[in-house]
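Just the one chain here, laid out as structure tokens, in the form predicted on its own.
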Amino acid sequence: MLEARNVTFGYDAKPIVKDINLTIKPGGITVLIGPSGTGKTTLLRCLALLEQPQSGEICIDDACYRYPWVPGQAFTPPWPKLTTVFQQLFLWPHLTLRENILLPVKLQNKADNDHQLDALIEAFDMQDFIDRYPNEASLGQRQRVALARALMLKPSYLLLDEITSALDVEQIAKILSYLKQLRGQNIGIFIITHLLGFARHAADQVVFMADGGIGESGGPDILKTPKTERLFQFLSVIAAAS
């Protein structure tokens, strides 16, 4: 399991993530929703060990990373067992999209898996643009490439930050279908999204975050019958804007 235990992170003594406890199980999809600016991406960066919390613990299966971090303490990187796709995507502009997908595989000295790449190209409808450069592709196309690049590493835990934000309905459905298939491979998936319909259909667990803390969590049914006033308000605002 991937776990956050009493994780707190902030800048200049101002907490952004406050005493978070969260479990992401293998073979399950956890979806994080909440207002903008509430610390969702910061929490994802803590889970990915890209930020050092002021206090708490991040555990990835049998390895636990305790904070505050002690200088000189042994550090075993969890990557690519834990792999992240950020909103910024971070594609190399001088490489084709195909080369971007294959680069991390080569850096990890993993054998090329042409069959896996071909399957991802087909699953994400990338045939028509896979050999273009990033500046020749739309944002939605680049999102699909970034996701495929992460999947080529065969992670045990996959963290996704708004990976469907620029996709149309048909492509969102295909990504959703593929992510559901990954559950059968015992991969633990954590997704930040603002799309409540996607959350409702994707999630085994929905986590609502507000003001830096977890306001409510449970199955997808909490999106229909919230138990807290704060989640009810959030859903009401979304519904009114739809």
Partner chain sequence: MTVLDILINYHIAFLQGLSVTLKLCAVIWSAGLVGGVMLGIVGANFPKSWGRFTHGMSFAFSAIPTLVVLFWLHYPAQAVFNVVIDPFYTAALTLTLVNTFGVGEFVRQAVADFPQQYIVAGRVSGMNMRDIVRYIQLPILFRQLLPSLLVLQVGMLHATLFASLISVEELFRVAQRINSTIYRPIEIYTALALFFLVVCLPINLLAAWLKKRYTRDFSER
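What you are looking at is a predicted structure, and each value in this text was computed from that prediction instead of being measured. Residue numbers count along the first chain shown, from 1.
Keep in mind the form predicted together with the partner chain is missing from the figure; the text below concerns it.
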property	result
In the predicted bound form, A119 touching the partner chain (heavy atom, 4.5 Å)	no
Contact flag, L151 vs the partner chain in the predicted bound form, heavy atom cut 4.5 Å	no
Distance check, A123 to the partner chain in the predicted bound form, heavy atom within 4.5 Å	no
4.5 Å heavy atom contact, L91 and the partner chain in the predicted bound form	yes
Every residue of Y11, T42 and Q73 near the partner chain in the predicted bound form, heavy atom within 4.5 Å	no
Contacting member of I130, L147, I172, L82, with respect to the partner chain in the predicted bound form [4.5 Å, heavy atom]	L82
Partner-contacting position among C59, L50, L182, L196 - heavy atom within 4.5 Å of the partner chain in the predicted bound form	L50
Contact set, 213-233 vs the partner chain in the predicted bound form - heavy atom within 4.5 angstroms	none
